[in-house]
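Just one chain follows, in the form predicted on its own, and it is written as structure tokens.
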Amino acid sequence: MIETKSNITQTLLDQLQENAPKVDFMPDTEIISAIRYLEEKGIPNNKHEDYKYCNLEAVLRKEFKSVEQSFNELTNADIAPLKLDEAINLVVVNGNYNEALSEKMIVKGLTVKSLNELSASEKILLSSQAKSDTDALIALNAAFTGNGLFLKIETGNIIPMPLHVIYVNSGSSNIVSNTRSFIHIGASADVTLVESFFNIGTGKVFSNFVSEKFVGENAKLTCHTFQNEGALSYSVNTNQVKINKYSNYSNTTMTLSGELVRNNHNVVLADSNCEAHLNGLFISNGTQQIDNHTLIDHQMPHCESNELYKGIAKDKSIGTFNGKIFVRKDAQKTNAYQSSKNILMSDDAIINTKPQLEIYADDVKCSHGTSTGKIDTEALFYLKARGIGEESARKLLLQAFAQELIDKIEIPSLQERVLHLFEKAL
């Protein structure tokens, strides 16, 4: 055992090792390597540049001094309100794929199973994009991951219904949940994936989610991420995505609750003529902290990426957008655009934005921009002059601000759910 750089890290490791799950898909060598990395590096705090505005060590030290891992058994009645009517609903509870709570439907070209059930050939597909020696939260997940979800779409298959993965945590005491998923989209396949996150327990939850997504040649993956975990939840969500030639990946993230939410979204455009589109909307209040951190890595020529993130911060909440576009030397003819727009609803609310471009090619079109301010007073005056009350006028302006992103949700029941919760948050 080497000397740890963080007492809270060692305390957490000791508690988690007492309840460490047994998984077959993660090699023992990787688990040992991940633990050693954690012991050496510790949990990120605000001295780490990438976590400057998101001090996870302080959160764990304050909120998770004791991790008892007391889980609640869930029933179909518990899950029913979380489902979407027009989708195939799959359920992951406290990091483990739960077949009993998931809908059973035979769809051509679709494979759904737990990670411990993988065959030798399926294990080869595991991309290992999320490397545990690059990030402490990925290492924490690798060391203590549950029996998560494997989802594969065979080559050439178009899945007619959206797939809805419900990631739900439920505990009666403080728990740390490490959830892992692998999403493999074969060449020329097409699927819409919804990933929803909830906490329906009475204890505090630190949720550490890692998803690796591989999008094959000429394939299309449309994702919607819906985060509504409540005031007892502290979550880090890491998406490692690799897209290939002529493929298209898009993701829209809606963050509507959670005491602390950190989203790491890393996309590698690994071949020519592919596209990536990242969108995000959050509304925060109280002392919430919402942190969106993106990296778009253009590695090959003739690719396109677009990012649009919007935030509304109320009370004493904090919102952050840190987005980086990386254009490598071989990525000529790249088109990359990034925009962050935010509204502050109180004098105590804070929005941090840091758009970045790092370009090593000389024939590209790249731009970024950011704006943060209060509600447009002229527009507010215009509405009030036409007999609309101030509160209603503010609500209309904020809904108009958010509608561009809400309209990107093409699943009616999900869009209705987002609209309802967004209006409630306002």
Partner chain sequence: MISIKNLHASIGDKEILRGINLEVKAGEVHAIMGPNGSGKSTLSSVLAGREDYNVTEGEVTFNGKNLLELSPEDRAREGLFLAFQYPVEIPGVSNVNFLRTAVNEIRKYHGQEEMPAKDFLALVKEKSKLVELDAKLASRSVNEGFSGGEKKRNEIFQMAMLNPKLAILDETDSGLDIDALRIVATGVNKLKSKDNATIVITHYQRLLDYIVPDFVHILYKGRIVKSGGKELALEMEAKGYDEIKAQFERIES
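Positions refer to the first chain, counted from 1. Computed from a predicted structure; not experimentally measured.
Omitted from view is the form predicted in complex with the partner chain, to which the following refers.
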Practice problem: Taking 4.5 Å between heavy atoms as the contact cutoff, choose which of 362, 49, 390, 28 touches the partner chain in the predicted complex. | Solution: 390
Quiz item: Which one, 375, 383, 58, 357, lies within 4.5 Å of the partner chain in the predicted complex by heavy atoms?
Solution: 383
Quiz item: Out of the stretches listed (375-383, 64-72, 38-46, 362-370), which one is close to the partner chain in the predicted complex, meaning heavy atoms within 4.5 Å?
Solution: 375-383
Quiz item: Could you tell me if residue 32 has a non-hydrogen atom within 4.5 Å of the partner chain in the predicted complex?
Solution: no
Quiz item: Looking at the partner chain in the predicted complex, which residues in 392-426 have at least one heavy atom within 4.5 Å of it?
Solution: 392, 396, 397, 400
